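Read the single chain below, which is given as structure tokens and is the form predicted alone.
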């Protein structure tokens, strides 16, 4: 076996109310592709941030080449020979390929930025070896996602990175681009570069991986050699990985509701766009419908298409009548509201108070004869603070100073106040503690019992099993199956479908 490059020893990371990592230990060997898998919330992103200096560990130690490794910034991590390719690539679209390659590599002499000719030559040489078809003079904005990744990889190799971390690198790639990336990864191994590869797509692990580590709920479940697991071509070869990822997942709190009967309040018929492929389903009054899939599956894109944020083809019906839903304004008029995945940047004005946020989607609720009423605004905020149990000093409490769970309750209050009969909830409990999560779940159940129809878009299997009456299973922009929730639901089969290990 190759020698150890990185030794992760008993790493833990504590955030207020959350243990993101607990005693994680495993080794990464030189010139291998070491894969890391786990459900959303397993701790993968936190571990990456610790390795790259974006977060400081709470306890434990890391050895790089046998020596203590404790980077205080991403730049310091790069100086140690470690680079990362995040899903959001760090290229500057307005610059050319050449300008991106040398960005940050300039030297200052006599007050002027100068390029090191040797560094520049090395960059060009590496880029040509990876993909000679990429022209140096082209603006990066005109390149594909895969070509942008090549630029990032070229910069990492030219900077003499020994270890490159790739975080869900194929989420936005076509099949042809994925194959090209795999060829590049194999070339990296030949150039003595070690790759840490994070992915939800288990088939990819078997194609390029040498070893795979499974994380679950912030803990390291185990590391396996991929060759010992099989070829990945059959369901049996992924079964052990899926069991390690899931543990025992049951619908402990699910109680069948009264929804799901009667005429649909919402229908999608063969809705497609750049990400979605002929998505069709219906939603009944009072139903909690789950939309479950992993990163890149198309969950958020379905929510955005319904809410009028993204263009789409196909047909959408609201209460049996065709609805264009070409903008959020039109969706709100049809009684549809969205609790977005990024609540701080997309769902709230964080510098404003609770009372100023709640009426934003329905200004008429705080006006009389078209005139704003401070008294109504105050009364409205107080009623929602009590109704959804927002923990705050009073209605003047700034939203930015609330906990994540209470911020989510403010977003939910804003949507309820918009008189919505259909509620889209994208990752409704991401980044909030266990107690607040259960409160949000109970609020969703109360809304459904009151006749509101809810779609929960989630990458957490326990969440959809505990909440939803039916569950749409998504993989690569398609609905692969629809599962009716209940005691006999097969969580392992669900995971096989959403990871692409098998078709429905």
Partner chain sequence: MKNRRVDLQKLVLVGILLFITVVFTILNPRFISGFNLMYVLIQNSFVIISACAVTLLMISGQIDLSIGSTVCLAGMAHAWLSRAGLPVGLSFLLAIVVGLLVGLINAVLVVRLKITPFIATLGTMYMGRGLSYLVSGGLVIREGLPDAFSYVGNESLGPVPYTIVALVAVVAVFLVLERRSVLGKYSVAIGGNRTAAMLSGIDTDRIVSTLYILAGAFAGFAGVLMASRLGVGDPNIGIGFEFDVIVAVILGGTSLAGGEGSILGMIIGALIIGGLGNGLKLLNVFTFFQSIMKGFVLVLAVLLDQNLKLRLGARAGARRAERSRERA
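Positions refer to the first chain, counted from 1. Predicted, not measured: the structure shown is a model, and the values here were computed from it.
Below, we turn to the form predicted in complex with its partner chain, even though it does not appear here.
Between the options 243, 122, 180, 344, the residue in contact with its partner chain in the predicted bound form by a heavy atom within 4.5 angstroms is 344.
Contact annotation: of the candidates 139, 351, 270, 186, the single residue with a non-hydrogen atom within 4.5 angstroms of its partner chain in the predicted bound form is 351. The closest heavy atom approach of residue 201 to its partner chain in the predicted bound form falls outside 4.5 Å. Among heavy atoms of residue 391, none comes within 4.5 Å of its partner chain in the predicted bound form. In the predicted bound form, its partner chain stays beyond 4.5 Å of every heavy atom belonging to residue 220.
Though the partner is left out of this view, residue 153 does not reach within 4.5 Å of its partner chain in the predicted bound form, counting heavy atoms only. Stretch 306-314 is the answer when you ask which of 123-131, 383-391, 306-314, 157-165 has residues with heavy atoms within 4.5 Å of its partner chain in the predicted bound form. The three residues 377, 401 and 414 all sit with a heavy atom within 4.5 Å of its partner chain in the predicted bound form. In the predicted bound form, 366, 367, 370, 371, 372, 374, 377 are the residues of 366-383 with at least one heavy atom within 4.5 Å of its partner chain, listed from first to last.
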